[in-house]
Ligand code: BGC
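The chain below stands alone, shown as structure tokens; this is the form predicted on its own.
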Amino acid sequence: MVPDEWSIIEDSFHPEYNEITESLMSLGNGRMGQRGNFEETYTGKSLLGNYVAGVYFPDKTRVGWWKNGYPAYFAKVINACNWIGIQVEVEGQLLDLYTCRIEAFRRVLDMKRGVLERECTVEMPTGNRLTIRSQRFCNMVDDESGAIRYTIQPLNFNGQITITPYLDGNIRNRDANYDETFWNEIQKETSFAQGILVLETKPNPYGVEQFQVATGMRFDITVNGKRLDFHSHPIRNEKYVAGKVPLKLNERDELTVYKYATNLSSSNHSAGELIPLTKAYLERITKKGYDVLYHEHTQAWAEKWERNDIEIKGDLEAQQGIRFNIFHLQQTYTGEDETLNIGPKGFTGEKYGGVTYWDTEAYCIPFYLSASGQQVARNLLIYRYRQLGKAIENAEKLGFSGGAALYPMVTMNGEECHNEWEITFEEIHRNGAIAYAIYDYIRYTGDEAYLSEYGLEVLIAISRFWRQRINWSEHKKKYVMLGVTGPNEYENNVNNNWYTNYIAAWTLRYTLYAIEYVQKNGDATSIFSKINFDSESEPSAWQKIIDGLHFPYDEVRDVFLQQDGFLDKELLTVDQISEHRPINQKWSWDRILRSCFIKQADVLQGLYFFEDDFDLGTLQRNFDFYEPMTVHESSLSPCVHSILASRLGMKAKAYEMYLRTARLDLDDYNNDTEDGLHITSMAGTWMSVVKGFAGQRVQDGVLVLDPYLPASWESYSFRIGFRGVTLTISVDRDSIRLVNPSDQSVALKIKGTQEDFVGEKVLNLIDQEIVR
């Protein structure tokens, strides 16, 4: 890929990397998404991907043997109808780039405008030469639609070119069990230059709703810029509609197809109204026309970048990386629908199936709090509140009772649908991340009313789970938590994972605070009555756990131990096994489990969340102990290390980890970009700059900043929203410049100096003198 500030550029075609490029150049608008596939036929290596937000299929979990409480199904984000397709025949020969000789090729994702463009010149096996130009976008304004401008120009012949824009529902997921398909056709319509195809997910035995998606298209054609009066022959096959247009062209004529498409689903429309709504939607967007749609779309992106951009001077790779991450976050989730969440692959691939992991709470909420505003982050929390009943059902399936809630590791509708037992049953720290997100949201926004409205019920249900999951050890004379998997998934079924124990105790402590707050400031009585809460015995039991929980610790090294028995391992460092990496692809699982090597931050994840609980010496000792053993084979790992390294003044390490997270997919660090991008970890890239290099924190309602400049950068600047005010922070070699353009002051502490800030100021980094 060519380094560029605003674009991802492929300047020659590399078919062996095509699936990687398709992932990188995916488009979305929060409602629908599309991988960077070609519009015309391509029979080479490709992963076709079209996705509609909130639409999934409950695929039967297939295991060799069953366990009580095991999820019945694995939710899949399913590949939906292919709306971008435009078949091209030249003199009766199908245009297929895989069989052509590529003379010139350039594919560009323009992140500034949210547009994918391509231009290529090819020679077909017949000797006919063509130039192809395409431009498309998933509309950020009319967010259930997309548009394509597709141009063909014959270079050395006169002859017939047949264009067939189509909608194709004969698609399947690559990870489908036994090549199953997930769609049945419900209805289809064709008319002049228009088609509608309604598909429904197949029946399932799990009580999960079936979804209908109506995909519609209209198209228009120009030759040499003039609208053509053409004949379109409708085609209707199984799960397929098209319009076939044969045309005579002369050498150097430019034939352009404007294709408009919509995806309306029963997740946010009445199934019985999908066809009339689709027709009305198509009428509205085609009436606007391509140029107006393009202008509105690019203007919407300009407004997003006005608030969300991070500008880096002096380091092109770093600049491209951060914008790439912000771009995909913004097109994956817009926050306008509280029934949606952020999938780990977004609209870029089908791996990992379900939509919601703990990644949302741990990594994404901080980004959306600063970059998109309070309501967007609030909707992410409300999403979990709406699924509290399902979380209680999930816990009941595992033998818990009395309103205890275990939120799922992976979910679409609140039910657990992850199919690896050591994750499904044991990686219960996810509960703590949801509690922490409530705290993080309130700390950032000051919206304490959220506790009374939604938060307290969730916190009590999670705390009830921790009380039952923890037991008293007569041997240790301590409370313990047995048989868990921490964030480091290269350790399974361990006892007393430090991070899990710590976040459990912290949740209990924060819930006690929340109860006291709501008792003083809200209607605690009605909440207690609703959930049958015993305000005497339950808090008392929680406090005993808080006071008596066991935390593994090494007194010699003065570090927290990842779990009981961690020191029984052979303690090696990553540089001693560098030729055997990545270990998840080169080692047996048995060998991984017996090793000391860490997939992602575990103890350090806890120190990142709760760094105010520990002094710098504690942070430093634990960082020095665990970081050399961490292989970072989870996308969620480098950003945590970058933020902690910044806090510890380890600037070179912080930058190394930043670059790894910023370019994780661009440089295919983990050899898995072809499956789709790591959307949720992209928020960690943003955090590495804002929380790492700029030192942004919130303490007691005060916005804290402690910026420094990475050695290879000339400057950087960004904006953050905080309690109704948007601040601009700029850092260069000599100074820090802050701008608060509003009349509302912000409680700000920068470089240790606190004030109520409004207006503009400059802090001289040489002597830290504030220049008014």
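It should be emphasised that the depicted structure is a prediction, and the values quoted were computed from it without experimental measurement. For every residue, the number given is its place in the sequence shown, counted from 1.
The next section is about a form of this same protein that is not shown, the form predicted together with this ligand.
In the predicted bound form, no heavy atom of Gly321 sits within 4.5 Å of this ligand. Heavy atoms of Lys188 never reach within 4.5 Å of this ligand in the predicted bound form, leaving it off the interface. Taking the partner from elsewhere, Lys599 is found to have a heavy atom lying within 4.5 Å of this ligand in the predicted bound form. This ligand in the predicted bound form comes within 4.5 Å of no heavy atom belonging to Ile460. The chain is drawn here without this ligand; in the predicted bound form, the stretch among 378 to 386, 662 to 670, 634 to 642, 333 to 341 whose residues come within 4.5 Å of it by any heavy atom is 634 to 642. The partner is absent here, but in the predicted bound form a heavy atom of Tyr357, alone among Tyr357, Tyr626, Tyr450, Phe211, sits within 4.5 Å of this ligand. Proximity to this ligand in the predicted bound form, defined as a heavy atom within 4.5 Å, holds among Thr215, Thr680, Asn501, Ser646 only for Thr680.
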